[in-house]
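A lone chain, given as structure tokens: the form predicted alone.
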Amino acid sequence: MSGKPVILIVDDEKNTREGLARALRDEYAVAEVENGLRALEWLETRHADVVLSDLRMPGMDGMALLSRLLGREPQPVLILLTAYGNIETAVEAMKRGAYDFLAKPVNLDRLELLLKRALAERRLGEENRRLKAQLDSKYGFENILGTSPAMQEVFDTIRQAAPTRATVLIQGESGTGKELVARALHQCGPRAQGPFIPVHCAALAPTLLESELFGHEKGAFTGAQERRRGRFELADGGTLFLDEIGEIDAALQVKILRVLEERQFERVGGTETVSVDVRLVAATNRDLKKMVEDGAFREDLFYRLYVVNLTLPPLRERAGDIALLAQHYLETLAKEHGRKVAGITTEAMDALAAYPWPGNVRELRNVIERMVVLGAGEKLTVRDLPSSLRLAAGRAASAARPGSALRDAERQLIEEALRRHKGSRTRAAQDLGISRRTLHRKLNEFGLRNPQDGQTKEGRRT
């Protein structure tokens, strides 16, 4: 049909269908069918923006048609028509999802107004869905994966906070993805076209960090041969991300507090006041509240930062997301490195799920990258896991499920390492990433014989 909005008229009365079609045809692309079943058939192959349906029809009536339309995507707007209308029927229809209700004979002026309003609201809804999809994919959510309740709370907070200029404090262990969240907050908000400037506070000495943040004038210190703009100036109109803000000293805390309160500062060695419009997002893996109690962090700055608090859960508390993350990294990293990897075996995935991931999502990504690069088969297996991870996962699984497959895999791994190094416990332990003492304990635990010295766990020669 044309580029006009599409109206599907559903009515068993031919005169009613044709009369409505004539009245609407100038502004809309109009189609007609005589009952609900024909309407569903029509919609199987075509699209309608609005379904204008009689309520009382033989076969499938308007209410039944409404129920069937609710499951469709995209869902057309449904306006019901009836000669038997009353308030109870109207309320029930709208409770079930009908947009509105008109009594016959139809007032064409009223219908025209209703159609314009319905289509305007439909366009707004589609735009909102499009923007949400854009936020979730193009603007960074594709890198922050998770279906766990804890991660859904994170996503909800990002969506709520991003459109505002509120300062956000992101807390979480190293490797949980704090910078990814900061970028999502920036890209999902009105400053997305402005700069996103990250600063890792722990990487610089206090004197260097001050110049990095606020800039300096020529001659401010030895080596300052020209004026230099700092990160606050570079972030003007955008977002400044201060990672590990708990590492900054007291003097810098005062200057950052002033910027948050007054949006102004002076460069190092300068007297000119610089004004900026910057949204601040800060992150830390430390307990700032405890630092405030201990006098190591200013209370007034803490509460300036704590406008919106967003805590990222460690990976061990969202174990249900490990398979999702592992598969995502496998696909992206296999493509990046030009490797053909079909997937991960169940046993390897069980080992990944059993491991406590002290390095969180960053560690998981690094492990998957190593497996993709070094793996030899079409699928990643337990043998492709780093030795230390296999052992740690095996210990965790053994504690939870004695006699499990992972416990057997741990035993097999130790046997292979000893064979590979011709019975040398020292080299086998190094290969496995454990101490020689731990290896000896494992040999006793599993009743293993050292293939070099032929000893049993009691130490007798065989």
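Because the structure is a prediction, the values reported are computed rather than measured. When you see a residue number, it is the position in the sequence shown, counting from 1.
There is another form of this protein, the form predicted in complex with a small molecule, and it is not shown here; the text below is about that form.
Q: Heavy atom within 4.5 Å of the small molecule in the predicted bound form: which of 89, 157, 211, 285?
A: Residue within 4.5 Å of the partner: 285.
Q: Just give me the single entry in 174, 309, 164, 332 that has a non-hydrogen atom within 4.5 angstroms of the small molecule in the predicted bound form.
A: After the contact test, the surviving option is 174.
Q: Pick from 359-367, 98-106, 231-239, 69-77: which stretch has non-hydrogen atoms within 4.5 Å of the small molecule in the predicted bound form?
A: Every other range fails; the passing one is 359-367.
Q: Though only this chain appears here, would residue 191 touch the small molecule in the predicted bound form if you measure heavy atom gaps against 4.5 Å?
A: No, residue 191 sits far enough from the small molecule in the predicted bound form that none of its heavy atoms falls within 4.5 Å.
Q: Looking at the partner-bound form in the predicted bound form, is residue 304 within 4.5 Å of the small molecule by any heavy atom?
A: No, no contact at 4.5 Å.
Q: Within 4.5 Å, heavy atoms only: does residue 274 come near the small molecule in the predicted bound form?
A: Residue 274: no contact with the small molecule in the predicted bound form.
Q: Answer for residue 179 alone: is it within 4.5 Å of the small molecule in the predicted bound form, judged on heavy atom distances?
A: Taking the distances in the predicted bound form, the answer for residue 179 is yes, it comes within 4.5 Å of the small molecule.
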